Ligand code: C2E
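Only one chain is shown below, in structure tokens, and it's the form predicted on its own.
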């Protein structure tokens, strides 16, 4: 069928439409139906492909969204405990500060640190430490309200942000509750076969017109004050702490340079045989002469060295210097020993044994002329590791003394575990030996204990003749103190050793 239609006024354009013959024409063309069917198949396949690609794109976008959310969560949360990390905690603190400024009510930050956590890892391993930290995080999470934030900053450091706009109790009460909760024993039966109890220290800072970073820094300073005050407590930040913290940081920086700048020195306090009335040796004591501040007391800079880790390089220097000095005395014909104090930080590392061996080798000092003094508290931080390292020191031939015996842990049960030669009776007991029946009885007990165990006893802080006489009657082996001799520079020791008459006069002047 053919239909023609004229378009336009002049009839020059004619449209011709043919119909009704398509099938016939397809049939007339060789393979026409195959081409037509193939086209339909291709069209269907293209449609299916487009549909599949469309759905795959949707799934891909959904997966990307999910992965992005996961990565964002991982970037803002602690992987061990699931708590917000420092980045998210700072962000939330800034948001809370913005709301607090509108309400003119400061927010509160609680900076939490677990006391003695390092020894959990050192003693029981990281698996036990991780389990412990997860338990700590769960306890903190249970205590905080929905509008507050609990976060883990690093290691055993946690943070609690309190929205005080809706808080119906003082931040100090929250801190007290946290301390109580964190003191409760932790069930680590699966990891170490028993429960474990540790305390915590908390620093509190409240702020309104400040930044989140500054608020955390203030809480950190308060936490340091809580640690200094004895741990297992909270301390609220005060403005004066900032000045003290800056001064402490400045002193730490100066101490880092003190060794290289030759500002450190040793003085030597004599030790006497109380029964035979003769000089036995010296204890090396560290001194720091600051170029601007003058002499810095040891009880001020040694704790800084301990916390900063500087005590290890400084301790190596003390060990080498004291061994060289003792070797020089012995080369001059003086049969004297030297005692060197070793910190808990040094005892925590196997390097201590290598350092002692190197100091003896470099100086040529006989090992039996060196005594390593370690505080009772340092020994009990990790008794098994301490015993192992002390045994290695004993194999070198050096002697070992427990300093401040009786003032720390009750280590009588452990005393046989440690290869010890001497126990030093603390000056706190010696000071009352002549005036207090309790002190006198305690000192006699310690001396008798040493005798029973085959250990030498050395009394510290002898300052008057009555104390000396009481110690001699009790059978104390040796002693030191201002009555017998004050710490002196190497030049003073040389004068004492080279002039025996001066030594005899000093001995007689002590009332012996």
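Please read these numbers as outputs of a predicted model, since none were measured by experiment. Positions refer to the first chain, counted from 1.
This next part talks about the form predicted together with the named molecule, which is not shown.
Among the residues 105, 178, 97, 302, the one placing a heavy atom within 4.5 Å of the named molecule in the predicted bound form is 302. Comment: the named molecule is not present in this chain, but in the predicted bound form one of 269, 422, 123, 386 has a heavy atom within 4.5 Å of it, namely 269. The candidate stretches are 40-48, 469-477, 440-448, 455-463, and the one lying within 4.5 Å of the named molecule in the predicted bound form by heavy atoms is 455-463. Mapping the unseen interface onto this chain, residue 298 counts among the residues with a heavy atom inside 4.5 Å of the named molecule in the predicted bound form. Remark: residue 196 does not count among the residues lining the named molecule in the predicted bound form, judged by a heavy atom distance of 4.5 Å or less. Contact annotation: residue 139 falls outside 4.5 Å of the named molecule in the predicted bound form, judged by heavy atom distances.
Taking the partner from elsewhere, residue 373 is found to have a heavy atom lying within 4.5 Å of the named molecule in the predicted bound form.
Within 4.5 Å of the named molecule in the predicted bound form, a heavy atom is found for every one of 342, 404 and 481.
In the predicted bound form, 318 is the single residue of 303-325 with at least one heavy atom within 4.5 Å of the named molecule.
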